[in-house]
Ligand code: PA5
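The chain below stands alone and is given in structure tokens; this is the form predicted on its own.
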Amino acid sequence: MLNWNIRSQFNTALSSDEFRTISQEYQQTINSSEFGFFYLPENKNLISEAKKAYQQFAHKKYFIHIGIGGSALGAEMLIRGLGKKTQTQFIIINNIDPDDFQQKIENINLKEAVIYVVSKSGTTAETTAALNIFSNLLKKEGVTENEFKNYFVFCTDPVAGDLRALSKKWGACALEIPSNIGGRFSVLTGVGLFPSLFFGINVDDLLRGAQDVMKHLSLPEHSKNFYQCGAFFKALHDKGYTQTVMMPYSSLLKEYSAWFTQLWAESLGKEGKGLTPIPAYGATDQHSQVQLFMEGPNDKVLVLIEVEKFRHDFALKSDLEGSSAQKLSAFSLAELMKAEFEGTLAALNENKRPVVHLKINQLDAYSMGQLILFAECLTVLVGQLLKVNPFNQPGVEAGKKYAFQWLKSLRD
């Protein structure tokens, strides 16, 4: 099971009454039919649909993933963190920068690609823009609209939206994002499962890891430290802490930090509340951001993720002259990473910086599933404690409205 410890100079222990109240409210939230993210690991239909679609398109040489925000960050996290080298090349279109778009597509044979279009609403402007471009490019290659079903796969709401209607018109495969799942909570649907299959990720283990967290948190009496973790963030927020640093000690979890950033920011940043997320990763950021984390304003909660066992290691034995080479010669690369993690943790404690220490046995599909559901559950719990709705995003919607007003003004 995923392990976590809290290190802080503050006493944030929950009384029995506080624990009972918080856990009862939280259990009501996760068991509500309005919010389905918690039970996704048990949804066998989603994984069987993804596997069926994969069999149809497994021969493709390019996997083009079109999405933005929660429709892309989770998939990229899985592929960059766990993906293996296969015959398929992963291309992600997660922005509308025309120059970046050109760089990503200029050497692709679109006739050998599966184009995965992900949007819960089916109306996301950036995703629709990319869909328009790729459909036009395929037509230039001589592909007719009647043949689009051999190239496009959609992932969207099961009933409503433009993508669902288009899938029916084209006869194209359309995977489901359940209606009660928000985009940033959707990585364990076809959003993340379908691309994972192309890159050798064991999606059954991924869901098994998430399911173990689900079972653990379903029993409040077995998960008091989880509620303590949520209360820890709430107490620090009330004391004026304004930022959360997500810092895994793993290059392969760099995109996990990016995924967490959206989840935490979009869910909790409302009504003047929230803890601004800062993505980082060790040991690289020990030579940049850690100076600020260690001796800058004491307004940050740090979440450090330790990987106990790496899959590979390298001896540092050296015949090179010089004290720096000889100092490392008796150790391995994994031991050096462990030392740097422990050193940072000790220094943060010495400087009285509040830390949540997460530990996974090794980075694999099972542990990634645990990390995903734990982060989602913690986000919802902290939202509940801050008394904000972690499932909406009114600030994002306002920006969309003004963007379309500006576009319209170009043609008026």
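Bear in mind that the values here come from a model prediction, so they are computed numbers and not experimental data. Residues carry their position along the shown sequence, with the first being 1.
We do not show the form predicted in complex with the ligand, though everything after this point is about it.
In plain terms, the part of the chain that comes close to the ligand in the predicted bound form, with a heavy atom within 4.5 Å, is 180-188 out of 136-144, 324-332, 213-221, 180-188. I68 is the sole member of V355, A365, I68, L386 with a non-hydrogen atom lying within 4.5 angstroms of the ligand in the predicted bound form.
Distance criterion of 4.5 Å from any heavy atom to the ligand in the predicted bound form singles out S121 from the list S121, Q243, N225, S318. Heavy atoms of Q262 reach within 4.5 Å of the ligand in the predicted bound form, making it an interface residue. Although the partner is absent here, S23 sits far enough away that none of its heavy atoms falls within 4.5 Å of the ligand in the predicted bound form.
The closest heavy atom approach of T12 to the ligand in the predicted bound form falls outside 4.5 Å. Contacts to the ligand in the predicted bound form (heavy atom within 4.5 Å) from stretch 373-412: Q393 only.
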